[in-house]
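First, one chain by itself in structure tokens, the form predicted on its own.
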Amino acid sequence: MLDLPFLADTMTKLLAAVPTTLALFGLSVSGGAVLAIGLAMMRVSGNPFLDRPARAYIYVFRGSPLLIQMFLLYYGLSQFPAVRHSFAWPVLRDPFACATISLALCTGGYAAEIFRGGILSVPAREVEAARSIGMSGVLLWRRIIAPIALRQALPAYSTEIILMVKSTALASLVTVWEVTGVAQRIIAQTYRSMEVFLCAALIYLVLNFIIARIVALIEYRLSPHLRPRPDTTAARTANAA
């Protein structure tokens, strides 16, 4: 038998933690996207002095577990007196800030390669056509390269975004009380892990469903050329009849 009052109380407590989860997700994805754009630009620049640091960064953050990166940032840096006496200490001693920075640094490495693939997939003829009419520099990137690259990268980037929603659960391990952290606290008090984790999983499913639909809508808006064209011949025939 389901204990409906317990489930309702658990769901209420977990929903109260959703804003923290969304804040972690929104800040880390935004910061990671800005970082990824810079890294992708460095990778496609053709300059070895820009490409090699970007390549090393991507290798480090894609090649090591996010949990270790988070622990090193939150627990590791605090062992150095120079860090504790620096201007950055008010940020680095805050678990929410450390979790957000760790998530942003990690997703920046993954998203940089996704964006790089999107940029490289822009057809050369589109760039040449734009240049032939005098378009170059920022205007070329804003009107031609960036829209096409974003459209090409969006399916893979949507997967990375959804993974980030689930990765916010790791923030509970550095004492951030988001959905998973609150769930663990309820379990420690009640010893009813099945019901609590089912409620938490339902919240993550709903969040990911909403985010996936938003990304699908953006992809639909960016791909008008892939939608079937209306049959104007049939419409004219019907009007003539």
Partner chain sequence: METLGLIGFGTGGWGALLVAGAAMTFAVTLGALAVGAVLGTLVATAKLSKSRLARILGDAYTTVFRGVPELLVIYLIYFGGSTGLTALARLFGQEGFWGMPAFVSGALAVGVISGAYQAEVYRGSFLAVGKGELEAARAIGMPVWLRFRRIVAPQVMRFALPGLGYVWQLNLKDSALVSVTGLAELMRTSQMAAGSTHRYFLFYVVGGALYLVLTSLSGRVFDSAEARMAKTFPRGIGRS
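Residue numbers count along the first chain shown, from 1. Predicted, not measured: the structure shown is a model, and the values here were computed from it.
The form predicted in complex with the partner chain exists for this protein as well; it is not shown, and the discussion that follows is about that form.
Only one of 133-141, 95-103, 71-79, 119-127 lies within 4.5 Å of the partner chain in the model of the complex by heavy atoms, and it is 71-79. Of the residues A188, I210, M194, A216, just one reaches the partner chain in the model of the complex with a heavy atom at 4.5 Å or closer; this is M194.
With the partner omitted here, the residue from L27, V44, L198, A33 that has a non-hydrogen atom within 4.5 angstroms of the partner chain in the model of the complex is L198. In the model of the complex, no residue of the candidate spot (T20, S158 and I161) has a heavy atom lying within 4.5 Å of the partner chain. With a 4.5 Å cutoff on heavy atoms, A169 counts as touching the partner chain in the model of the complex. The closest non-hydrogen atom of I37 lies beyond 4.5 Å of the partner chain in the model of the complex. When the partner chain is considered in the model of the complex, S64 lines it closely, a heavy atom lying within 4.5 Å. In the model of the complex, the partner chain stays beyond 4.5 Å of every heavy atom belonging to F49.
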